[in-house]
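Take a look at this one chain, the form predicted on its own, written out in structure tokens.
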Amino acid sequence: MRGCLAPHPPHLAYASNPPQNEPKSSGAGAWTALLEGYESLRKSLEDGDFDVIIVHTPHWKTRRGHHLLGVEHFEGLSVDPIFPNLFRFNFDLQVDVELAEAIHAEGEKQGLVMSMMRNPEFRVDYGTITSCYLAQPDFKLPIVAISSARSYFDYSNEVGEREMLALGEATRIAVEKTGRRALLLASCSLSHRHFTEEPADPEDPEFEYIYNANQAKWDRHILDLIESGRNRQILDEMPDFIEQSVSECKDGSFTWLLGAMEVPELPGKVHGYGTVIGTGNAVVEWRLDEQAVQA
């Protein structure tokens, strides 16, 4: 198993000019640090013999509990509701329904509210699509996609954290029971205060900088903890990080990932960090397979 922070700004898919995306980029280079970070991640993943990608996404928001895709195949056009000028992506995905159902069952054992999404006309969210594309552009691997429940918003950050750690544990147990070799993607940014206006040229590099100094300091602090393997401290500080940096971690993806990895005392490899419309984004990899070999 390997785990990754794999943020999903649609700008990065747009800048890569994949044939599936209708808008085409000029290649101006506004997001070079993140694009190079994803390139580095993909090279690192080449030696991983994966069966499936499991992605937790902030942009499939479900009012009641945690939902998983429960249909074997989805295809269609995904349009970013905020940046339709950048992301109109024709997707074609296979789903590992057996593993999704196993995660569903293990989540229920943890006392979580779980649901299988059986609508074959469902439009898969752009967070799932973008993170999967940027991590493995050929889409050859089946996926499992997990929604973002509202426990952080309906109750508190602390309640959300406990629930996402339980969902992470359920995910890990299901992976182990089914014998899958899984790549886990937490599809989220770190700090997440957006600019409120888009420039005439969205690829203008002069427009790309972190929204404020507080966000930059928090992101740097979290990256320092990642690189030193202090993942338990990240969880201890996560409620404050969420509030003080308007972090997208409030949707639970990062905590789910740490829970699925059993909060390892293992440094993460930061492949890249950069900004998109004021938000802070890090591409990070934890090689748990290497840790197991060393043990």
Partner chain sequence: MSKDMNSQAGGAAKEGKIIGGYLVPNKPHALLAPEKSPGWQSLHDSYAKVREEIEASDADLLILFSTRWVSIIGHQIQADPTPEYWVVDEDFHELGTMHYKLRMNPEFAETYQQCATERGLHARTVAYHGFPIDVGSIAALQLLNPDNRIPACIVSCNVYSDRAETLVLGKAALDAVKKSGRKAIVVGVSALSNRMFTEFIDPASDHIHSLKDDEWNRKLLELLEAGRLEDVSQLSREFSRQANGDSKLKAIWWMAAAMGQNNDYRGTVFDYQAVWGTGAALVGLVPSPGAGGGLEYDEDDSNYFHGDRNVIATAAKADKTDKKS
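Numbering follows the first chain given and starts at 1. Note that the coordinates shown come from a computational prediction; the quantities given were computed from them, not determined experimentally.
There is also a form predicted in complex with its partner chain; it is not shown, and the following applies to it.
Selected contact from 178, 85, 110, 94, since only one has a non-hydrogen atom within 4.5 angstroms of its partner chain in the model of the complex:
The residue from 178, 85, 110, 94 that makes the contact is 85.
Selected contact from 162, 73, 194, 220, since only one has a non-hydrogen atom within 4.5 angstroms of its partner chain in the model of the complex
Flagged contact: 194.
With a 4.5 Å heavy atom cut-off, would you call residue 250 a contact of its partner chain in the model of the complex?
Because no heavy atom of residue 250 falls inside 4.5 Å of its partner chain in the model of the complex, the answer is no.
Although its partner chain is absent from this view, report whether residue 155 comes within 4.5 Å of it in the model of the complex, heavy atoms only.
Yes, residue 155 sits close enough to its partner chain in the model of the complex that at least one of its heavy atoms falls within 4.5 Å.
Should residue 205 be classed as touching its partner chain in the model of the complex when contacts are defined as heavy atoms within 4.5 Å?
Although its partner chain is absent here, residue 205 would touch it in the model of the complex, with heavy atoms inside 4.5 Å.
Heavy atom to heavy atom, is residue 105 within 4.5 Å of its partner chain in the model of the complex?
Heavy-atom contact with its partner chain at 4.5 Å: absent for residue 105.
Which is the contacting stretch out of 220-228, 138-146, 179-187, 195-203, given heavy atoms within 4.5 Å of its partner chain in the model of the complex?
Flagged stretch: 195-203.
Going by heavy atoms, what in 208-225 lies within 4.5 angstroms of its partner chain in the model of the complex?
Sequence-ordered list: 208, 209, 210, 211, 212, 213, 214.
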